[in-house]
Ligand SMILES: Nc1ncnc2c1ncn2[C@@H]1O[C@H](COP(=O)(O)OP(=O)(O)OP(=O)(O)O)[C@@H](O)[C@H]1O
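As a starting point, one isolated chain is supplied in structure tokens, in the form predicted on its own.
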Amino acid sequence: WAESLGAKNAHIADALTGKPLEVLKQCVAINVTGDSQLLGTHDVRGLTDWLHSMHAARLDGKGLGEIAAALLTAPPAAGKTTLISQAVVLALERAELVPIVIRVQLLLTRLRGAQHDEFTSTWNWVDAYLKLVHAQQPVLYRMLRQAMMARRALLLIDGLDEGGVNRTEIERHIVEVLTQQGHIVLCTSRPAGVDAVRFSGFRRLQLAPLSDDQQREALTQRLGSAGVEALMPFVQRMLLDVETGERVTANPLVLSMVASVFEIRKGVDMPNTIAKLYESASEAMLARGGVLSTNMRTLLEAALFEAHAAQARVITEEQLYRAALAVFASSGTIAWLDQQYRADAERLPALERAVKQLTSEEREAVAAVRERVAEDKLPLLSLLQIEPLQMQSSHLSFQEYFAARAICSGKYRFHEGSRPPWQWPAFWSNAVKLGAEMGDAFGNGLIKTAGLGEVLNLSKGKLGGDRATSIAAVAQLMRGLKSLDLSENKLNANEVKELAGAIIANASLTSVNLLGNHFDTKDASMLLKVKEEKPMLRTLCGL
């Protein structure tokens, strides 16, 4: 088991080329914020040393009442999963703690599935998950269970942000059950949506952006000195991340994609936005798997949209069928099926029957996606299990890119009962950022996808969800609205400023109501100036 786990985590695949990269040679820098115990921790070795020191202290009877847990946050594709693999390799080398990796998106499929009852009748969810995953290997399950009971397990829980609608439930179990039982825990998450109060007892760490020197070193390892000298002028022109103030290439995945695209294009006509970089990267990945028909490409986009609309990482048989019907069947087919077949046991067979009514070419596209994924010939998707079908995008950020692109098309619709964009959780944050780079097509497409018109009334506290995400989504909706009412939503100065920028960029708005919010004279003066610059805007805050 240890040999197999070590081999699985010793290398990571390059996102575009699929080449294996030695995991311990990947640069993942750590920042520690406000925690004296972890000051001086700058990489995974220092973090692993601290986690093992907590175990050693407990063997000596010290720190028994202290929570031995850390939460590490970082933006999308910043190296969180790479760090987890590094921690596994280092833990296996030390042979003191047994590393147990829990990918939240896989835990979620078990938690939501038919085996949900297993989670209500066991001492913790990790044990229930291991029992289900290793049902055919009872000896391995008993070994892992014994390690947990002896408090010799290192629980590595990757991707809290991928918990979707069950995120709060999963986080509460970690905080209120696993840590209270005395387990040593390391969790990773994107920063958006993290409840600081809930994790107040955890050590807090962040992955640091790659410095200029680290970026140059990584590129030199891959491209050689001559390649770096040719690429660096482009890297230095890359956009700054609005949140970190760093160049976007400070993100390891973005840097890797830049290097791959440079190799493919020989440095000519490099993309100038993150969205365009993902477009080039996804095309390169699809090309690696062979020629795809137009129907397959359309189905792939729709399937990734369906998964994201369901706030899920795992694409199931049902979502694949829904995607096929969304793009190939007549308008209203899915809505009719959802009304007629509300029970889960009835819905999947009904969707399957509807797919069988599609044309032969359309059915072939569905079958081809399944076959390509099973044969590992569709690099954008990874197979989790064949029956019942479960697959996922190679990285969440690719799912987000395709979801944003699907919204731009205006061809798809959110599920009945879905949260509207102005109440979106942090799960949608990166998709909205990518969509913003796609321009007016995203805003206009979002209006169609959400089933809205040109007038939107969000007065009296209708804004909800993750505030930063919902405000950003509303700013995109403004690209296609004529009238918007945001009165009495407790908007603060920063939120008003972001919306003011969206008003300036919008050519169709004639009325915006921001009355009854929290802004001062300075903000009011800014809004008056905005109104002066927008002659089409007849009413702003009632002025």
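Since we're looking at a predicted model, the values are computed, not measured. Numbers for residues come from their place in the sequence shown, where the first is 1. Whichever C-alpha set is largest while still superposing within 1.5 Å between the two forms counts as the rigid core.
Note that the form predicted together with the named molecule isn't included here; everything after this is about it.
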Flag Thr469 as yes or no: does it have a non-hydrogen atom within 4.5 angstroms of any non-hydrogen atom of the named molecule in the predicted bound form? no
Taking the shortest heavy atom distance, is Pro76 within 4.5 Å of the named molecule in the predicted bound form? yes
is_contact(Ile12, the named molecule) in the predicted bound form, heavy atom dist at most 4.5 Å: yes
Would Pro252 show up as a contact with the named molecule in the predicted bound form if we use heavy atoms at 4.5 Å? yes
Option touching the named molecule, based on a heavy atom within 4.5 Å in the predicted bound form, out of Lys80, Arg247, Arg405, Arg167: Lys80
Which one of Lys433, His183, His308, Arg190 is close to the named molecule in the predicted bound form, taking close to mean a heavy atom within 4.5 Å? Arg190
Within 4.5 Å of the named molecule in the predicted bound form, heavy atom basis, the matching stretch of 94-102, 326-334, 388-396, 444-452 is 388-396
Indicate whether Lys25 shows a C-alpha shift of 2 Å or more between this form and the one not shown, with the rigid core used for the fit. yes
